[in-house]
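Only one chain is given next, in structure tokens, and it is the form predicted alone.
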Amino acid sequence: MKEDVSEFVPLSTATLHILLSLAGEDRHGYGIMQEVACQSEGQYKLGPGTLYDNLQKLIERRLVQPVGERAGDEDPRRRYYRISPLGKAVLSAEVERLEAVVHEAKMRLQPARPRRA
């Protein structure tokens, strides 16, 4: 049975960027902050408070899963996070929603065509 993701969208900016940063690979907190800054070309930066508050909510909502430490990591205190299957479905739904918004915006911003008589 497919889970209804409509209750999760639209996503906040922080949530969108966190899920997007985890879509490619598991990351620890600092890695998530770095990836968010990179993917937004420095336009959006997550502070630790915002990041960890949002991660806790995402874990509670089953969109992200903590995966503990990673073998071979130089710092065993690092906790890694993974996007869940539900999180991927929510991210996909948000991308579709945003694509529709962008399409509508482009349509409305085109210059009006003169009417033919």
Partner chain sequence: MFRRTYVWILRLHPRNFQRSFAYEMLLIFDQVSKDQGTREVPGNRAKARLTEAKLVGDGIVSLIRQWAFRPGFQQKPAVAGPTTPALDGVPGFYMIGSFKPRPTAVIHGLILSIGVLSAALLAMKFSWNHTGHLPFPTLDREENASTVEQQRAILPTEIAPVSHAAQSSRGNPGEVEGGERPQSAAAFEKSQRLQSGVAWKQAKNVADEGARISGKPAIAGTRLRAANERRDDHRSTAFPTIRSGSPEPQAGQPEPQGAAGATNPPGADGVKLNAAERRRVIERTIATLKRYYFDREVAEKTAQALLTHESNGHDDAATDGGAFADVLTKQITDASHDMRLTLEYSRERLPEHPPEQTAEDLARYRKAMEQENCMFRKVEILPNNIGYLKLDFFPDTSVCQKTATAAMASLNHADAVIFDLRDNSGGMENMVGLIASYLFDHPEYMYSPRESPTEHSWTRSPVEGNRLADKPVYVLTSASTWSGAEQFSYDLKMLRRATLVGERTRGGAHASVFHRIDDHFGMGIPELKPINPFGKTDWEGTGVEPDVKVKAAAALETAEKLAKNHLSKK
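What you see is a predicted model, and the numbers here were worked out from it, not measured in a lab. Positions refer to the first chain, counted from 1.
Keep in mind the form predicted in complex with its partner chain is missing from the figure; the text below concerns it.
Taken together, the three residues P10, P85 and S92 lack any non-hydrogen atom within 4.5 angstroms of its partner chain in the model of the complex. In the model of the complex, none of the heavy atoms of V36 sits within 4.5 Å of a heavy atom of its partner chain. Using a 4.5 angstroms limit between non-hydrogen atoms, T50 touches its partner chain in the model of the complex. A residue is said to contact a partner when one of its heavy atoms sits within 4.5 Å of a partner heavy atom; Q56 meets this definition for its partner chain in the model of the complex. For E60, a non-hydrogen atom is located within 4.5 Å of its partner chain in the model of the complex, even though that partner is not displayed.
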